[in-house]
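Listed next as structure tokens is one chain, alone, in the form predicted on its own.
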């Protein structure tokens, strides 16, 4: 269910495609807009995003575990070996998740409640074992990344993000998780790796060389 509003900076009409969206950007004046119930606050101006080689874009549609979704937002991060996208995806039932897109490797994950206290940012190191859902996960990577910017609709505000730490979790059967240390206590996202073709994506961005 979409939500209609007006940009407090320029007055242009704004449509939130996902009714639970917290942050978006005005397509006319590039103001960063944060929702507070029925009120819209202008909290800054969206940055221009770097050129990207991903075929995924806002309004790309796909299927995950027999459930249809649409891409409604994106977060962009950079680290010492490159960058990656976290695509915010909304499902037909109103739930949302994340499609990670890093050097043509993909994973879908969802925010979940930890079943036990997560390791601190100091404890998060490669090889550390974590149990969740009866399975053993291993921290395979610890990444310090810079937040670059966003587009589309997000479930939280990003104005306080600069440098962040992530700990990636894996099991031998390709189940995937991430501990996000942008908040205290840290956030946990769980899911699995997927093949590009498995997602049955359509409305992709076409460009020369892809």
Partner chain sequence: MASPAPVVKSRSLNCPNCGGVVELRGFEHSRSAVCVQCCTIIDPSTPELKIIQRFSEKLRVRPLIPLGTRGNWHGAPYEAIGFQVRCINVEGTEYCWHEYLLFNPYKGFRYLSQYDGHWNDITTIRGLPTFTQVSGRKAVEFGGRTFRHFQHADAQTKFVMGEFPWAVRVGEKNVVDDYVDPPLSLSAEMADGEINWSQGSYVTGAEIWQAFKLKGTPPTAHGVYSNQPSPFKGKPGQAWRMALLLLCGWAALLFFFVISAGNDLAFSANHHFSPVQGEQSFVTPVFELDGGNKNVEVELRTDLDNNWAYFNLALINESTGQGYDFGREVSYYHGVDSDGSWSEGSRSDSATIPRVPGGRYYLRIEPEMEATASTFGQTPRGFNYTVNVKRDVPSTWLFWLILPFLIIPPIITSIRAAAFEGSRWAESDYAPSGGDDDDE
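Residue numbers count along the first chain shown, from 1. Being a predicted model, the structure only gives us computed values, none of them experimental.
Below: the form predicted together with the partner chain, not depicted.
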In this chain shown alone, the residue from 121, 138, 135, 112 with a heavy atom within 4.5 Å of the partner chain in the predicted bound form is 138
Is it true that 51, 82 and 173 each have at least one non-hydrogen atom within 4.5 Å of the partner chain in the predicted bound form? yes
Within 4.5 Å of the partner chain in the predicted bound form by heavy atoms, the stretch out of 32-40, 60-68, 163-171, 178-186 is 163-171
Please determine whether residue 194 contacts the partner chain in the predicted bound form, using a 4.5 Å cut-off between heavy atoms.
yes
Q | residue 131 within 4.5 Å of the partner chain in the predicted bound form, heavy atoms | A | no
Exercise for the section: Spell out, yes or no, whether the shortest heavy atom distance between residue 149 and the partner chain in the predicted bound form is within 4.5 Å. Expected result: no
Check: According to a 4.5 angstroms non-hydrogen atom cut-off, is residue 116 in contact with the partner chain in the predicted bound form?
Finding: no
Across 104-121, the residues having a non-hydrogen atom within 4.5 Å of the partner chain in the predicted bound form turn out to be 104, 105, 106
